[in-house]
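As a starting point, one isolated chain is supplied in structure tokens, in the form predicted on its own.
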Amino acid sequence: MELFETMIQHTSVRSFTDQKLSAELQEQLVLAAQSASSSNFLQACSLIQVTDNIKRKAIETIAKFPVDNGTNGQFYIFVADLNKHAQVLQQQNLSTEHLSTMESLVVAIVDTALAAQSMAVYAESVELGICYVGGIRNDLFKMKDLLDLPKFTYPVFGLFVGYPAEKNEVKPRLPKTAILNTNTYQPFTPAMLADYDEVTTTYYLERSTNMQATSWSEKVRRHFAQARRSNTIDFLKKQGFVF
């Protein structure tokens, strides 16, 4: 399949076979992640490959996400990492003050997201399946202890990569007119929303697993009905960032 077709057929995979990824393929996945764009070439991202079954089960509990009994698929934690930059500065007896700013944190998170998506695109191009796991942020302090995360780091999400046992159907995305603006920001109109809700309602009712009577608007309403992960700012302050 051509790369463009692979990309627009993306869907999350939550069940993997027990086929192992070769050492060569694992190396290529990491190199793909490393090859992503990086702001000012800071490379402010680290990967933690979690192979220990006990730790994977602990992460499953934190994320409320099945981890295939701790065995199937490779599992990576993508960490926004400014600790190695702190080490560079400290070795030269320089201040780490400017590592702690919001802008520095944003740069590290962006670097991390780009690295992960680079790995994901390569993985799908060789017929692997992937699934992001943002639920690792449900308890950042436990994740810190579990992974021995130092100061100036922030675990952004996990990423499963493996041979898919089954795939979900492709979700219908927002229409191009809703996301592509020209010269200025253009509001999402009620007509666009109504049309998209009709499309997503049909999708959720007719998909092969986990059918639901819902729509995109309803999903948005439920997501923002309450504050989520309210300890994030406390964690980031503990990690040395200043707000």
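Start at 1 with the first residue shown and count on from there. It should be emphasised that the depicted structure is a prediction, and the values quoted were computed from it without experimental measurement.
Although it is not shown, the form predicted together with another copy of the chain is what the next lines describe.
- Contact check for Thr17, Lys142 and Phe160: none of the three has a heavy atom within 4.5 Å of another copy of the chain in the predicted bound form.
- The closest heavy atom approach of Ala165 to another copy of the chain in the predicted bound form falls outside 4.5 Å.
- At the 4.5 Å threshold, heavy atoms of Asn210 stay clear of another copy of the chain in the predicted bound form, well away from it.
- Mapping the unseen interface onto this chain, Tyr204 counts among the residues with a heavy atom inside 4.5 Å of another copy of the chain in the predicted bound form.
- At least one heavy atom of Ala36 is located within 4.5 Å of another copy of the chain in the predicted bound form.
- In the predicted bound form, the residues of 75 to 104 lying within 4.5 Å of another copy of the chain by at least one heavy atom are, in order, Tyr76, Asp81, Leu82, Asn83, Lys84, His85, Gln87, Val88, Leu89, Gln91, Gln92, Leu94, His98, Leu99, Met102, Glu103, Ser104.
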